[in-house]
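What follows is a single chain, given as structure tokens, in the form predicted alone.
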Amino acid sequence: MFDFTNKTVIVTGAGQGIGKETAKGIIEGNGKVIICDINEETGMATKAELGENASFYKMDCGDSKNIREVIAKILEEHENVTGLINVAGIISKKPFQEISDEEWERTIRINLTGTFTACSAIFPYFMKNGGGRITNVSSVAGKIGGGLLGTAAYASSKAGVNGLTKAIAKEGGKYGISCNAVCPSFTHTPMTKDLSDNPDQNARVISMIPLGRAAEPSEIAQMILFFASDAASFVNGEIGDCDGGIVLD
């Protein structure tokens, strides 16, 4: 359990999976969480489950204008927002030769541009308030070129998230703004259900993981919560692997 007392943290994609477990950890750490998700049903269900210290805002992470409007509204309606955790994203699994311009653009728009826009929207607020902690959820695909779940478009979007994370860390440090990223591998979430339900593909991916199994969302959330908390007070620009030993760097 990490301490989030007197802290309010925005979590995108918090309606289910890794984002939900991250939001739960903030509540368990005595903090307040702002759930942002495009799926109003799952977002509101998570809010109800987590109780009075959770709020929900519908956000489309593929729409930069909407992201900026929602974050502006959050900052108007909540005091002492201390962190942003970007979990929302999509997977693109098509072979390289089958990736259309539309598939490429959509994947980059949601995974990379959406992350940039959320960070950009809150950055001036953190500057004014003397700092803040940003944590981005990337993927091992961004380091190894895909090959587990996502392929070229997905890997490129997550490699971009890694570079963006380092750039924000470098430029934000003097304002007390830290930025780190977590790179999961295969994790049991609704987004990976197709893989989990396919015995052959599931076995192939598991065989690439030295620990010999997929992660549970709560395991990935633990590294995210560490980066988002004061326990990581001198950690900045780190791209942390939570992958069962795939990358080994």
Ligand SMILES: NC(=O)c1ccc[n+]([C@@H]2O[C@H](COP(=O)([O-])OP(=O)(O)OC[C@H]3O[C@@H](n4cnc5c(N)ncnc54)[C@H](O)[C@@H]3O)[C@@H](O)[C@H]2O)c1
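This structure is a prediction, so every number in the text was calculated from the model and none was measured. Residue numbers here begin at 1 and follow the sequence given.
What follows is about the form predicted in complex with the named molecule, which we do not show.
Listed stretches are 94-102, 171-179, 81-89, 127-135; the contact stretch with the named molecule in the predicted complex is 81-89, by a heavy atom cutoff of 4.5 Å. Among the residues L164, I122, I74, I110, the one placing a heavy atom within 4.5 Å of the named molecule in the predicted complex is I110. Site residues G25, Q222 and F227 are none of them in contact with the named molecule in the predicted complex, judged by any heavy atom within 4.5 Å. Heavy atoms of G29 never reach within 4.5 Å of the named molecule in the predicted complex, leaving it off the interface.
Remark: A45 does not count among the residues lining the named molecule in the predicted complex, judged by a heavy atom distance of 4.5 Å or less. Of the heavy atoms in G240, none are within 4.5 Å of the named molecule in the predicted complex.
When contacts are judged by a 4.5 Å heavy atom cut-off, L211 does not count as touching the named molecule in the predicted complex. Annotation for 53-78: interface residues with the named molecule in the predicted complex are M59, D60, C61, G62 [heavy atom within 4.5 Å].
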